[in-house]
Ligand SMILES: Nc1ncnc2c1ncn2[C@@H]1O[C@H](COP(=O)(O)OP(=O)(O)OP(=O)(O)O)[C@@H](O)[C@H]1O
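Have a look below at one chain only, the form predicted alone, in structure tokens format.
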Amino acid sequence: MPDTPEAPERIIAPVPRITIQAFCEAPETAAMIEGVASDRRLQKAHVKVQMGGGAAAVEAYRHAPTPNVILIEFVALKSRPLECLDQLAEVCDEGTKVLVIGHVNDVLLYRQFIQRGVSEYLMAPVAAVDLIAAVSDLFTAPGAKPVGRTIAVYGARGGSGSSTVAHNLAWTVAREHGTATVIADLDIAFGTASLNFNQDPPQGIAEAVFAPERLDSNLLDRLLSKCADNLALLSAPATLDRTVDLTEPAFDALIDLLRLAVPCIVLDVPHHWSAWSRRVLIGADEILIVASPDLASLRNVKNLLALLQQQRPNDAQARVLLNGVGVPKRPEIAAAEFAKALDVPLQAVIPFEPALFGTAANNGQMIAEVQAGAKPAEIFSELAAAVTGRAEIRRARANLLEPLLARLTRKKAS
């Protein structure tokens, strides 16, 4: 289970391709760092953990080059932390960054660490997310724009409507929150984003994926097509002129560029199970699983949640949404029973409204453009607030307004 799951509004940039070597004194700290090494944000980093603390670090680098980051644990002052750091400074290569995990809460000691060039001092016990953030911050330039948040939308089975959910979610985030957003259609052969947004761009995601050596910010700008204010589309060609046999890191460079370009990226992930789709899901900041109220979806969601919890121990749990609920004469698993079987609350339940969704699809429009006051439009609005971390702000404002509205109502009645 996560020590402190990443809050929706907290975005930690992925760590670049670096080497990290840790020298611990407590077995608990070593175990925590070994667990952190498998976190999605450190997938490019090489992490090595050994015991011995500061003395072992000094000895290790007398005749060996130092890594990008050295992490040292000092349990007590008897470990002679200042002396160890002075000796380490004599053998450290230029540019090596040092993090210290300490067990002594002493401001004077902290200042002495900083004077000796220590990048960060973390008080034990250290939460996994705090350590990941500390390492990430070392490689974030001062004053740099925050990295964009990736939201992966995935269908528990084919035909669950995950693409429709992804497109309406992206449109709502851009429209209601004024946040620059990109909807990326990762279904290269059969993607529907260009149809749903009534677009026909000449270029799209295939150019980025099949020729990664050409991908840069200038090419990305040319590949994006504007759908609405604050919303751009990275479309799929939806042609069958070639098979789509992608490598596991096929979308890594593209997603890294998108993170630097816009605050919000909605990834429309097709219902495939391959090395690359698994990697995209595990690497996303937020995951939304779209399910139908049937047994196959229930089984698949349970399997997905179990896998994601295992692979993302320092992240909040994936959100689950039931779509197309209430089809006449169709036996369905009730929403309450679906949630009970999963032992997780449902993020939303979207009713079956074929006329509304059919009209939107045929016109290349979003649900709120066809009928702004419809229940599904309200659900997408709430969902957009939740995945962008604005739901708490809404609730706080509502709590502030309730007393005022009550007073106005009483005054009007009198």
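These numbers were taken from a predicted model, which means no experiment stands behind them. In this text, residue numbers run from 1 along the sequence as written.
The same protein has a further form, the form predicted in complex with the ligand, not shown here; the description that follows concerns it.
Contact test, all of 286, 313 and 388, partner the ligand in the model of the complex, heavy atom 4.5 Å = Looking in the model of the complex, the three residues 286, 313 and 388 all stay beyond 4.5 Å of the ligand (heavy atoms).
Heavy atom contact within 4.5 Å of the ligand in the model of the complex, the stretch among 347 to 355, 61 to 69, 27 to 35, 44 to 52 = Every other range fails; the passing one is 347 to 355.
query = Which pick from 300, 79, 230, 163 sits with a heavy atom within 4.5 Å of the ligand in the model of the complex?
reply = Answer to the contact question: 163.
message = To verify the annotation, which of these, 178, 95, 202, 158, has a non-hydrogen atom within 4.5 Å of the ligand in the model of the complex?
response = Looking at the other structure, the residue within range turns out to be 158.
task = Answer for residue 263 alone: is it within 4.5 Å of the ligand in the model of the complex, judged on heavy atom distances?
result = Result no; residue 263 lies far from the ligand in the model of the complex.
query = Though only this chain appears here, would residue 187 touch the ligand in the model of the complex if you measure heavy atom gaps against 4.5 Å?
reply = Yes, residue 187 sits close enough to the ligand in the model of the complex that at least one of its heavy atoms falls within 4.5 Å.
key: 4.5 angstroms heavy atom contact with the ligand in the model of the complex for residue 377   = Close contact is absent here: in the model of the complex, residue 377 is far from the ligand, nothing within 4.5 Å, heavy atoms only.
task = Tell me, yes or no, whether residue 237 is in contact with the ligand in the model of the complex, where a contact means a heavy atom of each within 4.5 Å.
result = Output for residue 237 is no: heavy atoms all beyond 4.5 Å of the ligand.
query = Mind listing which residues of 301 to 324 have a heavy atom within 4.5 Å of the ligand in the model of the complex?
reply = Heavy-atom contacts within 4.5 Å come from 323, 324.
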